[in-house]
Structures are given as structure tokens and as C-alpha cells.
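Coming up, as C-alpha cells: structure 1 and structure 2, two forms of one and the same protein chain.
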Structure 1
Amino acid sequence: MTRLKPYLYVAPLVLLLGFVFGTSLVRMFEFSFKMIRGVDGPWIGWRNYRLVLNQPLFWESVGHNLQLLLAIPILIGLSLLTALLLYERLRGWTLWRAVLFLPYVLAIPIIAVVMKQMFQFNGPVNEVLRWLSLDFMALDWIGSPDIALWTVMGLIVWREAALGTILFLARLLSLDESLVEAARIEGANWWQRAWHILIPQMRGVIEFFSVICVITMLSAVFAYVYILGGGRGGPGTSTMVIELYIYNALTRQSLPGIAAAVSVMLFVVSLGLIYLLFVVRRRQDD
């Protein structure tokens, strides 16, 4: 009974969460096999999935999400470098820590609206570049189909790096500093201390943040692309991602079955990738 006592305390909350999310998840799977009209519809089997898989726009959305995954190494590297610099406790490091975390505190729509104004073709960013005689760099960051998704990626990296920095810095501050001091006395430079002492002890939190980054790039970029892309994945379909595809199918095309089918595929793929990450970690531990 003593062993069960902690689980009994959390059981009511677990049951509540299981009911809320479990019911929605079951309904989502059910809707993906039906032609929904209103609140229900006839069973049509795999037809929704076949329709989705035959749509070029769906595959274009998948490609855009895969392109966003390219930002993960940059995101992790930038967060790690910033955390290591803050760990050196440079002058004013507590102030810089607060400033760097500020973007993550602000709501995504607020940041996206501000950035959309700044990166307009005649916006402040391009005006500064022109003033510096760097006209060749004054691009149409949001209005060009070739650049728009990269602009979104840059905004995501800038905001999400704040979370990574705080996670990594929290881990660094919890380490035993005697090893670092010993290495400093032995003459190890900053890079040697970071690479051989600090980073190996951060492996767990780096893997945890990697999982968060994968989830973010696959299923948590809707607010960015909705605002920067004008609500339709623009210009054209250059910023169309899977989440926005689901939103359009549900609200603008009134096709809940299609939206549910894509949601199920996104859910299964996300679980699969997360599972693979944990398998890799388990094998490395062995």
C-alpha cells in the first residue's frame, strides 16, 4: 500500500487528463475513417487517407516541415553556445540572461506581428541595410516565395533558442565546478573546458531539447506561418505547413474527415520520431 500511495495522489489528475485528451484522440481517429457531415457521417474506410496522399499540396506541406527540421542543429548549437558564454559569468550576465529569455515569454502572435512589420520590403531591417550600403542584402523577406520559409525558420530559431539557453544554463549551473577549476589550473582553454568537461555532462538535457525541437518543427509552428504567411501559407503556398493544411481543411474547406486523417498521420509520425530518439539514447547508454 505504501508503494501505491504516491500514485493514488496523482490518479485523479491522470484520469482527468486521460478522459479529456483520450476522448479527443479516439474521436480524431474515428473521424479520419468517416465522411463527416455536421457531427457525424458514414464510415468510408481509408478513403480520406488516399485523398490526402494524392494531393500535391499535402506533400508540399510535408516538405516545408522537413525543411524546418534543418534548423534543429542550428538551434541546438546556438543555444549551447549562448549558455556556455553565460556560464562564464561575464559582466552583466544576469541581465543578458533575462534579455535572451524575453522572446520566449512573449506570445508568438505578438512576436510574429512585430517581425512581419520589421521584415517588410520597405521595413526597418531593409532600411538599415540600405543605409549601410548593403542594398544587395535588402531582400523581400516575407513577400518572396523563395525566402519566406527561411524567414519563418529564422524567427523560430531566434525565439526557441531562448528556451534552449535557459535549459542548458540551468544544467551547467548544477554541475560540480571543481572539475572546471581543475582544468583551468592545468591550463585548459575555454574551448577545451567546454568540449571535454561541460558538454559531455549535458548530454541528457541536449537530447531532451532535441526532442522538443523535433516536436516544435513538426507540430508547433502554426502561429508563425499563419501570421507571417497572411493566414494562407503565402506568398502562394511557400509557407504552407501540415498544421495550416489541417486548419484550412477543417475551417475553410469544411472537411473534418480530411483534417482528422492528416492529424492522425502527424500524430503517428511525431510519436515514431520521438521513439527513435529514445531508442538511440538507450543504445548509447548500453
Structure 2
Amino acid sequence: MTRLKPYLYVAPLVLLLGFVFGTSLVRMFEFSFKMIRGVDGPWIGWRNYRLVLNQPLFWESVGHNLQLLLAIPILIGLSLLTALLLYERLRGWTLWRAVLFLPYVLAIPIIAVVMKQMFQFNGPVNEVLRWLSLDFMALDWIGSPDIALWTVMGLIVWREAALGTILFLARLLSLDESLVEAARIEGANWWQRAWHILIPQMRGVIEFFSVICVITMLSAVFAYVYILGGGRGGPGTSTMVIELYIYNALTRQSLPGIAAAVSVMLFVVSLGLIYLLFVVRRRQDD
């Protein structure tokens, strides 16, 4: 009995994970080699993969996800800057911290609906820009195929920077302050203290956050794009991403085989990133 007891305690976990992940991961690979109609279909080898890899829309979606990666340096720079400013602990800093974290509390679909209205061509943002005589900056943020993805990127930066700020600040607050104090007494200014003393000690958390950002940009932007792009990755296909490609193939075109092939490729890439996350976290713990 006592030897069985531990297994009784973990049994619910094993059942739950087994039900959802267990067969699914295996079947995802299986489906990607089949032409599924409904719940099963004939084996067709690599045809799903060949079809997907020859489709321009797939590559366009991948390209969009990769383009989103460009936002990461900006995202990290902004988060670092705000975290370092908060770390000064000037009067009222806890209030600033509370406000700056708010973007991360709001649900993505809600914020996307609000931003979609703010950034309409005749919306409030452009009105303010025109009032400031910055007419050349009053672009068609949502409606123009050349700009829409950059607007999505801006929205992601706006929200994820809140998380970055709080993560970086938590790390800063856990640092030994004697070094910074010594530098301050030596007459080092804010910038010198930040650049030479604080940032080098934050390498671990910056690496960790970077990997999280890569995972987000490649596989967790569905909600932003679904709302801003009107459910179709619009205008045209300008905000189409891998997740939406899978979603469309699965629910709109009823081609689970195609969706599975894309999922397998995304899964393999994710595995690589998860491994990277482990490496980075282990290094941070040391």
C-alpha cells in the first residue's frame, strides 16, 4: 500500500496530461502524413508538407512572425529603461509601477478592440498627430496592408513591455546594493551606474526574457491578430501569422492534415526554443 501511495497522488496528473497531451502529440505527427476528412483518412506520405511548403501564403505567414521578432530589441530596451528609472525609487515610484503594469493585466482582445478604434484613419491618434502638425505621421494604421503588421507589433510591444519592466525591476531589487552605493559615492552618474554596474548583473534575466519574447512572437500572437485583422489576418493577408494559418486550415477549410503539418513544424521549432529556455534558466540560477 505505502509503495503504491505516491502513484495514487500523481495518478490524476498523469491521467489529465495523458488525456490532453499524451495521444495528441503522437496523433499530430500521424495526421500530418494523412489526408484527413472528418476524423481520419488515408496515408499520403509527405504530401501535406509539400503542399504547405509550396504555398506562398504559408511563407508569408512565417515571414510575418519573423518580422515580429524585430520588435524584441525595442521591447527589451524600453523595458530596461523603465525598470532602471523605477529602480531609482523616486517619490511615488510604487504608483508608477502599478500604472505601468496595467497593460499586462488587460486582456489582449479587449485592448486590441480599443486600439483598433484609436488607430483608425480618422481616429483620435491621427487627430492628435494632425493637431501637432505631424500630418505625415497620420497613417492608415489598421487599413493599410503596408502598415498593419507594424501596428500589431506596436501593440505587442506596448503590452509585453509591461511584463519586461516588472521582471527586470524584480531582478534589480534583488541585487546587492553596496556596489551601486560605492559607485554613487565615487561620483558615477545614473547612466554610468546603469551601464557598468546594473545591466551586467542583469544578463540572466535579459536572456530569459528574450527567449520568452521569441516564443511569444512565433506562437502566441493569435489574439492580437484575430481582432486587429478582423479574424482573417487582414487587410488582405498582411497580418496573417502561423497560428492563424493553422486556425484557418483547421476550422475554415476543414483540412486537419494541413493544419497538423504546420503544427508539427511549429512544434519542432518550439522544442528548440524550450531547450534554449532551459539552458538560459539554468545559467540564471547559477
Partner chain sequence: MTNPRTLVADGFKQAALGAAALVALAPTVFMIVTALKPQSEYMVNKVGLPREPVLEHFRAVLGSPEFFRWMGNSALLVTGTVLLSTAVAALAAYAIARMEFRGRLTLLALCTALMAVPPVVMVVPLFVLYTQIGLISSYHGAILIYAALVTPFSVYLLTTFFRTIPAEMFEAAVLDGAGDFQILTRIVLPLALPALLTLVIVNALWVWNDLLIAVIFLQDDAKRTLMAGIAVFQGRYNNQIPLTMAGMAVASAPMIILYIIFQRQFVRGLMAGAVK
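The first residue in the sequence of structure 1 is number 1, and each one after it adds one. None of the values given here were measured: they were computed from a predicted structure. The term rigid core refers to the most C-alpha atoms you can superpose between the two forms while keeping them within 1.5 Å.
Of the two forms shown, structure 2 is the one predicted together with its partner chain, while structure 1 is not.
Aligning the rigid core between the two structures leaves the CA of Leu8 offset by 10.5 Å. Comparing between the two structures on a rigid core frame, one finds that Leu273 has its C-alpha moved by 4.3 Å.
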